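Before any questions on binding or motion, here is one chain by itself as structure tokens, the form predicted alone.
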């Protein structure tokens, strides 16, 4: 264990037993070595500053840990690093009703911010399946998206200010909650999506908005993927959507086998679209639905008749990741422009089928914002390491399909370790050089989450 930690942290806030190291040294990825030297649980900004300065003096590395729900290995500590858990820095510090602004610590659970907003008659709209355990600091560090991006945008759009401890141990306050601030570089946006490689987010000022109207949920059966895009265009031309998701029949089958849920439609179809919209728009939505059926884009549909049914319909989509977890899926989180999705998914499907005809593939994602989740499922008789290597080998071909359409190899899960060596498929050599230079400015001794995000 690095020298000096015992002087900074009490036995309660410093752990090095095997169980704690294993639990806090990883995220939801399971394909990387986990080997931290210690886990610390700071409770103040001052403790974080002292820790970072000690790391610089004693030459040890730090890995930030939030809810550990990441899917790219960004929170994995595999080389004796000290894990910095923000579990005990989880309070709401201030609220301004006039500004609709919450100042909170980085360890505040996303769902707790959503609940606080609701208590105040307001709304925090960034939402995803892991909101009950993910933390605001982690959301910021990965610029988390989720299921409402089509209407409300990404985490970045709701960050009004940040307090950050940089890699050299300096504390900087970015933007201070202002709406207008034309005073040069907005440093706040450098830390959003930086995956803890430049510094540790310790506090955030998060914007809230007015609560939406009651929502209706509709699930539609779609016979062909290109028709999903036609359905999206038809609904967007008529009403404001809060969500537009899709999933395949194979993904639905996995959820139904895993959870006590009902099939949404009497007959199976290759694809399903899930829409959410304001209840007052229901008549217009039904008119569009009838048109999509007449056009042959949709075979059937179901509209939620209660809050429970709406939740059950959402569970068909949000339960996919959990239901396929036992298959040790190799995940790809990709994005291209919506207009290019049809040809893109066709090309990638053909690539996977040609290389691995014996692998199951589950497609689902946030189709309304161009984000597709490709999940290749491990056969039961194939060793995990061999499966990972085989999938990793085809990634360059998939990423070339992304690059040819000016897309992204990581739409919302981040880069971490999993996508680090492929970053050049999305970012230019000039981009990478500038990013590396910024890393040296904010983290001159390379103590912040080393080996993540940037290629070596």
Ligand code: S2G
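Residue numbers count along the first chain shown, from 1. Bear in mind that the values here come from a model prediction, so they are computed numbers and not experimental data.
What comes next is about the form predicted together with this ligand, which does not appear here.
- Of the candidate stretches 259-267, 284-292, 363-371, 297-305, only 363-371 has residues with heavy atoms within 4.5 Å of this ligand in the predicted bound form.
- Contact annotation: of the candidates 156, 331, 103, 88, the single residue with a non-hydrogen atom within 4.5 angstroms of this ligand in the predicted bound form is 331.
- Note on the partner interface in the predicted bound form: the residue among 166, 321, 205, 242 having a heavy atom within 4.5 angstroms of this ligand is 321.
- Contact annotation for residue 419: none of its heavy atoms lies within 4.5 Å of this ligand in the predicted bound form.
- In the predicted bound form, this ligand lies farther than 4.5 Å from every heavy atom of residue 148.
- Taking non-hydrogen atoms only, residue 71 approaches this ligand to within 4.5 angstroms in the predicted bound form.
- Remark: residue 188 does not count among the residues lining this ligand in the predicted bound form, judged by a heavy atom distance of 4.5 Å or less.
- Scanning 287-318 for heavy atoms within 4.5 Å of this ligand in the predicted bound form gives just one residue, 317.
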